[in-house]
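The data below hold one chain only, encoded as structure tokens and taken in the form predicted alone.
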């Protein structure tokens, strides 16, 4: 597993990390033993980045990670958590007192004195643009509560605003074969500024797994059931904002461009990780098999990725660009 510098933090993280939303909530039920097994399988495969948030299962994801890491001293894992969605996403709620309370809660959940990396969790643009936001984050660094900070964003405009801030270590943004807009400006700007990019929702909520059909159904407590049109949170978080039926056709075309023995999810992860400016890709995994398969994606032949990259652009331009590119 390739390890890449995490901006100027002095840390390195794996090119394929692990997103852990699914270990908390909104993806159907995952037992504690399943969750701990997924964490173990990921670390065994070379993963050194776990991405979580204080609202994933109301702290369940953080707490499970904390338990796992406490039982594995010398693990070498960087934990990137997120804060800011425990209250309505209104600018007046992003205060130094709330920042302190949220980070204190995450420190307790994870069982650490200092959080490795805290990201604002898709806040309003006004928060990302405000000097006061970064003053408050700098104060948390100075106090020792956090070692570094970043911003998770919904839109490319928000990403560019955050990248321009000198204290920002990373920006987390949706980037996958169904969401190519970050290629235009965000990835080049991040690379130039020395800001790490975490590519989230890399498999478009499973659409790029190649396993779904028109008859596929999801649990009632799975966001792929209840948020297809943005009923609960930003529509772009579910299937990357792509219409499910359209996504099935696009995924089938991408699969057809791959040689035998190379799966669509593996090719998608490997292609994302190969893009200049990307530091780590953070797919989720609900099983140990998924965790191992995700981690192995980096071993795909670069020649395969060249062919796949051409197919990605072709499918995106024909089927998705008109609807997806003007958004986010």
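Numbering follows the first chain given and starts at 1. What you are looking at is a predicted structure, and each value in this text was computed from that prediction instead of being measured.
FYI, the form predicted in complex with a small molecule isn't displayed, but the following is about it.
- None of 279, 48, 290, 63 but one reaches within 4.5 angstroms of the small molecule in the predicted bound form through a heavy atom, and that residue is 290.
- For the candidate set 247, 206, 241, 84, a heavy atom within 4.5 Å of the small molecule in the predicted bound form is found for exactly one residue, namely 206.
- Under a 4.5 angstroms non-hydrogen atom cutoff, the small molecule in the predicted bound form lacks residue 134 among its neighbouring residues.
- Looking at residue 77, you'd find every heavy atom of it more than 4.5 angstroms from the small molecule in the predicted bound form.
- A residue is said to contact a partner when one of its heavy atoms sits within 4.5 Å of a partner heavy atom; residue 170 fails this definition for the small molecule in the predicted bound form, lying far away.
- For the chain shown alone, residue 14 is not a contact residue for the small molecule in the predicted bound form, no non-hydrogen atom being within 4.5 angstroms.
- Of the candidate stretches 135-143, 194-202, 247-255, 109-117, only 194-202 has residues whose heavy atoms lie within 4.5 Å of the small molecule in the predicted bound form.
- Taking the partner from elsewhere, every residue among 237, 265 and 294 has a non-hydrogen atom within 4.5 angstroms of the small molecule in the predicted bound form.
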